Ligand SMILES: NC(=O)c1ccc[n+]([C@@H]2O[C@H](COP(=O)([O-])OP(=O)(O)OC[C@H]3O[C@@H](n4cnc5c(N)ncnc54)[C@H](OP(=O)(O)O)[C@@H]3O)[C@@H](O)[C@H]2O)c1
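What follows is one chain in C-alpha cells, specifically the form predicted alone.
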C-alpha cells in the first residue's frame, strides 16, 4: 500500500483530500501539532524543530498543505511573519527530515497560491511562466515555493499547485460571499471588476491525486477552474441561484480598507489565471463552469 503523508490535514483541503485518498485505497498519514493515540497521526513541532521520524520513514509521498490562514487576521507585522514562517519553516523542517531519513521519497507536492502573480486587477491571463509581483502576497508564495523546490536537489519529483479561491459546501470563502446575498443584500465589492480565480474542492483534491498518480507531472501548475469570473459576475450568479435581488450599489473599497487594512487587497484585486497547463497533462475538471459549481455547492 502507498503511504501519503499530509501536513495541514485538519484544514478544509486536507480533510477533503484525506477522504478522496483513502477512498482510492491509499494509506493517509497526518502530521499533527497535538499528540494523540491515532496510529496514522504523527506529532511535529515547528518551534522545537521536531518531526516524528516514523512519519517521514513511512511516507512514499508528502503533500504539504500547512500554513496559517491568509484571510483570518489583519496583516500586522507579526502576522505577516507568521504567514511566511508557517509555510517556509515547515517546508524546511520536512526537507531536512527527508534528506536524513527518506531521500528516496517518491514525490513532494506542495500548495502555493495564485497570489504569486500579485494583488492586481488586469485583463492579462497569467500563466505559470509569468514572473512574480512585488507585493506581500506575492512574497509569501515566492518564499513558499523556494522552500518546496529544495526537494528537487534530492532528485525528488516536486509539484507545486498555485491554488485559487477554494469553494466548498462548508467553511470556505463561498459561505462568506453567499451570506449577505442570502439575506437580500447582494452587491459587488469595490469596482466589482476584479477577477476571482476559483476552484471547486472536488477538482482541487482530484488535482492532488492526479499529481501523485502521474509520474510525468513535475513543476508548477495553476490550480483554478477554466472559467474566469469577476466579483460582480460571481455575486450576480449567486443571487440568481438563490432567487435573491441584486440591486444594491457596489460596496465602496474604502470600507474594506478601513476594516481589513492591507489585507483588503485580496478582496479588492484579482486577475485571470490560466488552467491550460494542468489540462494538457490530461486532468479534467468536474466543475468547469461557475454556475455548475455553485448549483452543486449552494443547493
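Numbering follows the first chain given and starts at 1. As the structure is a computational prediction, the values presented were derived from the model and not from experiment.
Below, we turn to the form predicted together with the ligand, even though it does not appear here.
Although the partner is absent from the chain shown here, none of 118, 196 and 267 has a heavy atom within 4.5 Å of the ligand in the predicted bound form. Of the candidate stretches 64 to 72, 237 to 245, 267 to 275, 48 to 56, only 64 to 72 has residues with heavy atoms within 4.5 Å of the ligand in the predicted bound form. Looking at residue 190, you'd find every heavy atom of it more than 4.5 angstroms from the ligand in the predicted bound form.
Of the heavy atoms in residue 27, none are within 4.5 Å of the ligand in the predicted bound form. Within 4.5 Å of any heavy atom of the ligand in the predicted bound form lies no heavy atom of residue 21. For residue 32, a non-hydrogen atom is located within 4.5 Å of the ligand in the predicted bound form, even though that partner is not displayed.
Here is the short version: of 228, 138, 205, 112, the single residue with a heavy atom within 4.5 Å of the ligand in the predicted bound form is 112. Proximity to the ligand in the predicted bound form, defined as a heavy atom within 4.5 Å, holds among 209, 98, 166, 177 only for 166. Within 4.5 angstroms of the ligand in the predicted bound form, the stretch 119 to 153 places a non-hydrogen atom from 144 alone.
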